[in-house]
Every structure is written in C-alpha cells, then in structure tokens.
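Single chain ahead, by itself, as structure tokens, in the form predicted alone.
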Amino acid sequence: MAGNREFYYRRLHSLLGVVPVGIFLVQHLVVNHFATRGPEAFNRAAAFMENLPFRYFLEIFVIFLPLLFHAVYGIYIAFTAKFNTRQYGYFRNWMFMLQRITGIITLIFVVWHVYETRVQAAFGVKVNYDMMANIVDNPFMLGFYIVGILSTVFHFANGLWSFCVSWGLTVSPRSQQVFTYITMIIFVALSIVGIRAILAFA
C-alpha cells in the first residue's frame, strides 16, 4: 500500500511540475522578456497579468498550491535519492543528480523571488520594471538571479524528460534519446529568454 501511494505521489509530482507549474514558468519568462523592449512594454505586460480575472484564485490554486506540493515532495525525493555517478558515470545518472541539485537551488530562488515581488506587493510596493531594476542593480543579486534562472529552466527541461518517461510517453530507448535532444533545445531557448530578460532590467 505504501509503495502504491509513493508511486502515485511521484506521478503527481511529475505532472504538477509540467502542468501547471511548468506552463506558468514559460508564461512568466515570456512576460519578463517584454523588458527587452523597454520599461513601458514590461509594465504593460505586468499590468495585464495583474488585472487578470480571478487572479488570486489562479495564484493560490493553479500556481502556489501545486508548486507547494511539487516543492515539498521534491525535497523528500532529493534527500532520499541515492546518487551513483562515481560508480556509473552515465549521462542519465548525471542528469538524475543535477535534477535534484537544481531542484534545491530553484526552491531557494523561487522563495526569495516571491518574497521580493509578491510579498512586497502585498505591502503596497508596485510590481513594475523599476522594482526589478532596483533588485538586480546589486551585482550579487544579478548573479543570484542568473544562477536561479538557469537552475529553474534546467529543472523544468530535464523534468520534461522524466515526465514523458514516467507517464509512458517515451518508452523506447530511441524515443528517449530523441527527447533528450528536444529538452536540451528547450533548455537553451528558455535560458536565452530568461537571461535576456534579467539583463534588460540590469
């Protein structure tokens, strides 16, 4: 019974990492990328998201609660995982280890980012271009955001591969190899979007 429960928890953890959390990540990166077009373009995009109907409902039930489960169960997975990269230095073993490491980095990054933006907004600070520009004006914070973005995007892209395997979408070794290349492309593409956005604020 416990084994079955863990199996379903892992499947749910994998699913939530893609839908809705992964979809939100892509949307968030796209909105932030408007910063490359200047402060006014970003502020318009941010204002559009702020004024969505049922925004608080969406934030709580579509973003924060799924993210909370994914994060909490992800911590359990990360600290109970057994790494064997020293004995078996295969590519997928390294990806397995990096998935756990980037998961922890991503969690730290997301918690801090939410504190600097959503929590501050709750106290009346306006979420706009100037807010982000002030944050990354500090070189340390800029570096922190770059590392956080790369970790988050890697965790999502590599998680897509795991999701497709665990849900039986890529069963054959050939399909898994092809999807490895696809997830690499996704990682590079989203990394470019994220890094361009954060540098635009800087």
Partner chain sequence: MSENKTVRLIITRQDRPDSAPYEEEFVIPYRPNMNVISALMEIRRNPINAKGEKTTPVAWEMNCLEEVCGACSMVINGKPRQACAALIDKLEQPIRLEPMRTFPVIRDLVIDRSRMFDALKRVKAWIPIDGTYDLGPGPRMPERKRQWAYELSKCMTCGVCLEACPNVNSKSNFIGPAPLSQVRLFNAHPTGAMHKAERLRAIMGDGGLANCGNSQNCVQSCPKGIPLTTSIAALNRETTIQMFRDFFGSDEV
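Residue numbers count along the first chain shown, from 1. Note that the structure is predicted; figures quoted are calculated from it, not measured.
Just so you know, the form predicted together with the partner chain exists too; it's not on screen, but the next bit is about it.
Interface membership of N43, defined by any non-hydrogen atom within 4.5 Å of the partner chain in the predicted complex, is ruled out. At least one heavy atom of T170 is located within 4.5 Å of the partner chain in the predicted complex. Shown alone here, V165 lies within 4.5 Å of the partner chain in the predicted complex, counting heavy atoms only. Using a 4.5 angstroms limit between non-hydrogen atoms, R100 touches the partner chain in the predicted complex. The contact residue chosen from V119, V111, V72, A81 relative to the partner chain in the predicted complex is A81, the criterion being a non-hydrogen atom within 4.5 angstroms.
Note that among 26-34, 61-69, 157-165, 137-145, the stretch whose heavy atoms approach the partner chain to within 4.5 Å in the predicted complex is 157-165.
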